[in-house]
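Only one chain is included here, represented as structure tokens and corresponding to the form predicted alone.
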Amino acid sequence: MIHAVESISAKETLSIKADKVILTCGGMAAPVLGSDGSGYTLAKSLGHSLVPVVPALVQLRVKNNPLRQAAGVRTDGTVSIYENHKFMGADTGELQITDYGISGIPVFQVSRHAAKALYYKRPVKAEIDFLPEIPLGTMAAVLRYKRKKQDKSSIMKAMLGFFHKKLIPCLLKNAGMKPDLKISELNEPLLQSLVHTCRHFPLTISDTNGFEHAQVCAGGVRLTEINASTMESLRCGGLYLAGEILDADGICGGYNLQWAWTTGYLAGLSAVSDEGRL
């Protein structure tokens, strides 16, 4: 017999007794839909422990955002995340630059690494390659060609074939150059600095956006406390857990939905069987 007590208000509680219970309360992402984290409290009251819960598939906020001038720009890029200088993951796709930081699918894909590190107050850096589909030497070769031809145009104009016009000033500033620098004046050290900046643009991640902006959570009830064949709790017989309340999160592409459907199916099938197993 499972006996769970849930607080309804400061003065009221609800007591529930049942032979079998399936706990599928979701996590904390998108609280406007009802994901308020109450399922975690119930799970803990029934003997479970939690991996710390943080936002995932979420935007990243950047300290003193050096890309703020390019807010609104969408551009291809590879985002790499480093926790205390250790590479944690990377993804490539369309980035969205915002006034507070970076967004877009590739950012979402690696955001869990940043969120976990920030939770433990570890330094998090991001590095962006703004030319992910361009061979390494191409940009340098083009700039050298223009320099050889004694092109009188500015470096700003010379880069328009590679980048959005709002992004170029950010790249030049990081490389220590002025937008009106003539391409003919671009010496080799400056050229190398510019190419390195475009392929390894550094950002200091200060935070993620909150749960209200997250598509899922990372963290939850530990999977080591669950029978993976039936989704039955190893801490409380007759209790089954499924979906986002568990410590499992995937990248974009329907994986989190599939996790919810599959674990829910297993939990439901197991809960109605005589022995509580398939």
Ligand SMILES: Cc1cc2nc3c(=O)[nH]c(=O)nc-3n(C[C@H](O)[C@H](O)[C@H](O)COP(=O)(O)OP(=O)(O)OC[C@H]3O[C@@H](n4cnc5c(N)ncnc54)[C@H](O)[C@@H]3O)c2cc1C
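Just so you know, these numbers come straight off a predicted model, no measurement behind them. In this text, residue numbers run from 1 along the sequence as written.
The following text describes the form predicted in complex with the ligand, which does not appear among the structures shown.
Here the chain stands alone, but in the predicted bound form its contact with the ligand, taken as any heavy atom within 4.5 Å, falls in 26-34 among 227-235, 26-34, 46-54, 59-67.
Residue contact with the ligand in the predicted bound form: residue 257 places a heavy atom within 4.5 Å of it. The shortest heavy atom separation between residue 214 and the ligand in the predicted bound form is within 4.5 Å. Heavy atoms of residue 242 reach within 4.5 Å of the ligand in the predicted bound form, making it an interface residue.
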